[in-house]
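There is one chain below, alone, in structure tokens, taken in the form predicted on its own.
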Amino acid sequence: MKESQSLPRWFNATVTKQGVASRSTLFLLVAIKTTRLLCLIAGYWLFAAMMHDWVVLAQQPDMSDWLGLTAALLLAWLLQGDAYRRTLQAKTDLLSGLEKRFAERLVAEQTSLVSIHSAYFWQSVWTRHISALVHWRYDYQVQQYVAVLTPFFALLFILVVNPVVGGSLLITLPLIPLFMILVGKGAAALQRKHFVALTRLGSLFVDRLTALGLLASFRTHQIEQKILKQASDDLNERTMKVVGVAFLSNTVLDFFSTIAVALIAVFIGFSLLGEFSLGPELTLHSGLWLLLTAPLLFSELKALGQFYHQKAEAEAARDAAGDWLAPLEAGQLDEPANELTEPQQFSLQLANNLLASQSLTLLPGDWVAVTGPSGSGKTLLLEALAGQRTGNYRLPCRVAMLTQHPVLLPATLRENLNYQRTFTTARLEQALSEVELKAWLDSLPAGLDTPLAEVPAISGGQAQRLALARLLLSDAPVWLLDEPTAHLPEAQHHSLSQLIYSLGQGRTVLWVSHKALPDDWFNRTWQVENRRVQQMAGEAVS
């Protein structure tokens, strides 16, 4: 099936690992569903024979026919239940495997992902795109095989019983997949546009919620309301287009299948009345079986049509999130060493040629000024060294990063400082004292257990000092500082920079800053320009 080639290669290549799609499971489901339909065909044959005995021969059907019909229908029912159970289990395994991969990606790349897309985008990947790939794998792709095998076997049996009916079905049957292909291409394009509109509306809504204070200050509620309404109307319009195509597809499929079965019913009826004499002689047995079996050819194609939107959703998920669900590079999640003990000399090369460097040297205890114009790749460099970007090198020790925008969780001060670790109250208070926040801590109503949402909004300088306290608690030997004072007034910039300098003694520090810093703080300078990094000597910080 060529459709699977439209999905990422890693999705089809890693089909034998635990937690991802198993090709053997896929084919087992196809076999179970096809066998179930063959049992129905056998049951229809026995039922038609029993009707022939009752109506035409006016005699009771044989007990063997009763037992055969019961066995066929019971087996079909058991196979249907087994297929449902296996499908549910396979979906659960694949979903957990992809969610684990995505969670590992979030852990490995962290802040680098936040800067690429909005928070709503990552929520959509987790809640919509991953499940779209799962449904494609075990609904659409299984049905794709079943929709080929079932008509093949049914048509083969029909041709043996009556070549005329089989020939007519052979001519009309290709019209349905041809129409599905034509409609499917349009549906895929509409589905991608729908995802784009949904992501834009979600991102717009989250952005406006974040900026409620700013909107209130400038009294722009009505303007923003119109913008949101326009985005909502655009989404509604695209949704109705997708729904309209889905209804059109189902209607045409029903039309073709109904007409085909009706023509067969007319032919069988007139043949039984003696009006037609084409092909082998029809009896009530063969005629009733043909009427019961012919819809199976179309029912599986119609079921594929009902799942066809999943292919469009999966392709949209591939475009939006395919690379983010790929397996991580070997060792990307390995626990790094606690200390930077050896001199590092390396040449950096990121995937897709995002960033490259000449030979760089980093010694334990170095203070490196990372300079260069905005957009040149300085943040990429820090993210690569932290292991948050796919490349050929990462620092072989634990690192801590301080960015322009410190992240504060909607939780207590203690939980913000602990962050997946547990420190004593004395250690937390010591860290806050070191970053000059002890007086602020004493003013809080519940001390460390005060929810940050229940205190007056903290200033940018206080937020950065809290983030700096987290750096101290991490006890990382390397600090990566990405313009931590960029949005602070000049006085706060100098005081916080001096505090970072004093607390960072004994550590290895790489500092990106567009604001003036004393030259004698640094013993090494790395210049970044046009995504190329080179090591300088004796240059001042710009």
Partner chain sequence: MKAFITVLLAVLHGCAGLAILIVSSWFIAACAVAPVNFNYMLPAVVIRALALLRIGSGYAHMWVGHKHLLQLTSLLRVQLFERLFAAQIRQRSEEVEALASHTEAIAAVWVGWVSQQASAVLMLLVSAVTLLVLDIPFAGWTLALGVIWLMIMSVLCVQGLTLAKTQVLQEHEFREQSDVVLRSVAIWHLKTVQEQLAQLPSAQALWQTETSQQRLTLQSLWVFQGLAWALMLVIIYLAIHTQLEGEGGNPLLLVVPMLLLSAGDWLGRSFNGQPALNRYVQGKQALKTLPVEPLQLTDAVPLSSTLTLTDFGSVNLPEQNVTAEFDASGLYLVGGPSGAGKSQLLQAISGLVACHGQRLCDGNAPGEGLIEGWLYLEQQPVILAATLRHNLTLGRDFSATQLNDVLSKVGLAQLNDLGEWLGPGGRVLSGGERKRLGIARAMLIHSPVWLLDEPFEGLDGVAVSQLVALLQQEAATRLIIIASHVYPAELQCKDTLILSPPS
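Because the structure is a prediction, the values reported are computed rather than measured. We call the rigid core whatever largest set of C-alpha positions still superposes within 1.5 Å between the two forms. Residue numbers count along the first chain shown, from 1.
If you look for the form predicted in complex with the partner chain, you will not find it shown, but the lines that follow are about it.
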Quiz item: Any chance Val160 has a heavy atom within 4.5 Å of the partner chain in the model of the complex?
Solution: no
Quiz prompt | Arg389 within 4.5 Å of the partner chain in the model of the complex, heavy atoms | solution = no
Quiz item: Can any non-hydrogen atom of Trp122 be found within 4.5 angstroms of the partner chain in the model of the complex?
Solution: yes
Practice problem: Mark Arg318 yes when one of its heavy atoms lies within 4.5 Å of a heavy atom of the partner chain in the model of the complex, and no otherwise. | Solution: no
Exercise. Please state whether every one of the three residues Pro445, Leu503 and Trp521 places a non-hydrogen atom within 4.5 angstroms of the partner chain in the model of the complex.
Key: no
Quiz item: Out of Thr450, Ser168, Ser433, Gln225, which one falls within 4.5 Å of the partner chain in the model of the complex, going by heavy atoms?
Solution: Gln225
Quiz item: Which of these residues, Leu149, Val266, Leu278, Leu354, gets a heavy atom within 4.5 Å of the partner chain in the model of the complex?
Solution: Val266
Quiz item: Which single stretch, out of 150-158, 341-349, 82-90, 366-374, brings residue heavy atoms within 4.5 Å of the partner chain in the model of the complex?
Solution: 82-90
Practice problem: Would you give me the residues of 251-282 that have any heavy atom within 4.5 Å of the partner chain in the model of the complex, in order from first to last? | Solution: Thr251, Asp254, Phe255, Thr258, Ile259, Val261, Ala262, Ala265, Val266, Ile268, Gly269, Phe270, Leu272, Leu273, Glu275
Self-check item: Gln345 C-alpha relocation of at least 2 Å between the shown form and the other one, rigid core basis
Solution: no
Self-check item: Core-superposed C-alpha of Ala72 shifting 2 Å or more between the shown form and the other one
Solution: no
Practice problem: Return yes or no for Phe153: a CA shift of at least 2 Å between the shown form and the other one, with the rigid core superposed? | Solution: no
